[in-house]
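Take a look at this single chain, the form predicted alone, given in structure tokens.
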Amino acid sequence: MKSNASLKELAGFLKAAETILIFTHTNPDGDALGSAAALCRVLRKMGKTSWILMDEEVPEYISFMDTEFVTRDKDCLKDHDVSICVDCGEYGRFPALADKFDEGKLHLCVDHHATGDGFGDHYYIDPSEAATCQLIYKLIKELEAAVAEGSDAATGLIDKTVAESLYTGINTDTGSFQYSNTTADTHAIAADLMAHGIDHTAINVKLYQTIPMTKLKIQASILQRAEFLFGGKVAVGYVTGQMLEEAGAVLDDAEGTIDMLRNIEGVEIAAFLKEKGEAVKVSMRAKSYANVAEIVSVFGGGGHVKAAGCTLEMGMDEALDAIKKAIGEHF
């Protein structure tokens, strides 16, 4: 754990604030958006003025979540009391909004990525947590205690909508509770969230069983071009703008392909490269013994031992060569 403040102390800062702006990393996943959405709704229930600031549209595959308080308006709050980033712990993960983050009078961070070295005035980073949503759940419990202090009335800040956001984030970051980061604590938190009346079956259907035809087409195209190296221990796939155009797909349709590559028998490391503008976004997954965070750290990336990523400012061919070389050196 890397922290200079407890969750109780962070709850105290949020309770004292009146205006709070929440940030996630670019291209937010279920854990990032779920953490932000749950925290924002809770702060609104406490009477705070709070927004989630993003510089892009919410990815389609998680757009069913509570996005009522998401905005792209950088002027939604001025001279706000607190900036808090969730599921990320460095400026490089939300560069377009770093200046707005700095405008906050107090800067907080809650994250579960091991590569964060401490960020903001007060931070709480715990890589042992399966998802940042688990940390936000515990932070909300501290907020409940802070609100209830001095009062005989029980305070319940987690409602069905908040529970759905937290459950979705935990679900996606544990691979539907399949990954090695899933713990007894993960299941205990999920059980409590389910007790708030969420429809976990509907969430799973939306996440895993509602696949558009364009997604299948682009995944087929990616798998046809995939390379298998080192005796099948490494799978490398990629997607370009031209491939998307030919399949009538968008970049969001390629989401989840990295897991398909990793799940192939014999594969230990899966790498997936996405052409995005002038850069290439790289995702890596390990199945059992490899450390992909170590591999991407060569390129200034980070993440977890079993799931990490980086951004390469180069063309696809050059990026593929660089990634394959780095994986080879790791082996």
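Here the structure is a predicted model, which means the values were calculated and not measured. Note that residue numbering begins at 1 and tracks the sequence as displayed.
Keep in mind that the form predicted in complex with guanosine-5'-monophosphate is missing from the display, and what follows is about it.
Only one of 121-129, 137-145, 156-164, 87-95 lies within 4.5 Å of guanosine-5'-monophosphate in the predicted bound form by heavy atoms, and it is 87-95.
The single contact residue among I20, A308, L10, I323, judged by any heavy atom lying within 4.5 Å of guanosine-5'-monophosphate in the predicted bound form, is A308. The listed set H113, K215, H80, H107 contains one residue whose heavy atoms approach guanosine-5'-monophosphate in the predicted bound form to within 4.5 Å, identified as H113.
Contact check for S283: a heavy atom falls within 4.5 Å of guanosine-5'-monophosphate in the predicted bound form. Under a 4.5 angstroms non-hydrogen atom cutoff, guanosine-5'-monophosphate in the predicted bound form has H304 among its neighbouring residues. Counting a residue when any of its non-hydrogen atoms is within 4.5 Å of guanosine-5'-monophosphate in the predicted bound form, there are no hits in 173-210.
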